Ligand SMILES: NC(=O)c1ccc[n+]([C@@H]2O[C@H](COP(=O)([O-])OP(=O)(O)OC[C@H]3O[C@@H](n4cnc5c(N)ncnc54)[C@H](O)[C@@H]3O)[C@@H](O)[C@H]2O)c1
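Only one chain is given next, in structure tokens, and it is the form predicted on its own.
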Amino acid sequence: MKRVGLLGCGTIGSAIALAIESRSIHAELTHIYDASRAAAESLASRLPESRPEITSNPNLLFTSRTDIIVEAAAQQALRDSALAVIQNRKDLMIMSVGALLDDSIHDVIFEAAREFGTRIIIPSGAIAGLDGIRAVRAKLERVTLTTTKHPDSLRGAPFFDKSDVTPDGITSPTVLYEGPAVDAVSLFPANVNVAAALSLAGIGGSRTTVRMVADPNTDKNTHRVEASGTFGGMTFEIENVPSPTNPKTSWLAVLSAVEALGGYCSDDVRSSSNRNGAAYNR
């Protein structure tokens, strides 16, 4: 049975922990850590069967007797932690995919994983169709992602620090940003992991265009992907219901994380298009 350490006890981390607790994931949750000790203690109180140890600092988590560390915290947490996880010869599941659009972070993580013989797991998150994007990557010429969310889902994004627009002032569908994915992930870090996953599967963050739309009339998180190239074209759209506990997180992203870790921990035969997430190299 795989031993899991959890970095981050928020929406996705809690869902993973509860899936292990309920035996939906065949694994043992041995250690958890969150920058907020109260968040870690609150989650631990809901896990009477797993009874994970709460580590007092991330280094104790990385050196614990675990097989995989699940990063479900934030982009900065991944930047600070990934190398230490890998150097301790742990596999790593990454939820804060946006950090990987920084070439220096991406290259350090994947080069270290090759050196130390560890696996990097990246769930598909709040999007579908990435297997098709990967299949035609060499033939892609254009990829555009249009993400539409309620303004409340974008509240707190750094974009608003540099704009006259405020979430409360948006009364009709409004395009907040249109440009490269590599810039979008810094302006909307809690909202555009989809853009990062799409970029890594396809033609990269500088060539993937992201359009962020705030719509006060929607109750869903919608992602529309349009891709074209010498292979032809493809268009697909995903409508996600926000997580019941956090409107900034799509429920599909939560379910994808649970599925990916479940696949990693399972001995079942799984199809090649659904193999525990993917490790993307550019």
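For clarity, every value in this text was computed on a predicted model and none was experimentally measured. Sequential numbering from 1, following the sequence displayed.
Missing here is the form predicted together with the named molecule; even so, the following discussion is about that form.
*Asks:* Is the named molecule in the predicted bound form near all of I16, I120 and L261, within 4.5 Å of a heavy atom of each?
*Replies:* Spot residues vs the named molecule: no contact at all.
*Asks:* In the predicted bound form, is there a heavy atom of the named molecule that lies within 4.5 Å of any heavy atom of A253, even though the partner is absent here?
*Replies:* Close contact exists here: in the predicted bound form, A253 approaches the named molecule to within 4.5 Å, heavy atoms only.
*Asks:* Determine whether any heavy atom of S96 comes within 4.5 Å of a heavy atom of the named molecule in the predicted bound form, and answer yes or no.
*Replies:* The answer is yes: S96 has a heavy atom within 4.5 Å of the named molecule.
*Asks:* Does at least one non-hydrogen atom of N193 fall within 4.5 angstroms of the named molecule in the predicted bound form?
*Replies:* Yes, N193 is a contact residue.
*Asks:* Is there a heavy atom of G202 no more than 4.5 Å from a heavy atom of the named molecule in the predicted bound form?
*Replies:* Judged by the heavy-atom cut-off of 4.5 Å, G202 is well away from the named molecule in the predicted bound form.
*Asks:* Only one of 44-52, 227-235, 209-217, 27-35 gets a heavy atom within 4.5 Å of the named molecule in the predicted bound form; which is it?
*Replies:* It is 27-35 that comes within 4.5 Å of the partner.
*Asks:* I need to confirm a contact call. Of A157, A74, I133, L145, which residue comes within 4.5 Å of the named molecule in the predicted bound form, counting heavy atoms only?
*Replies:* That would be A74.
*Asks:* Would you mind checking 1-20 for residues with a heavy atom within 4.5 Å of the named molecule in the predicted bound form?
*Replies:* Sequence-ordered list: L7, G8, C9, G10, T11, I12, G13.
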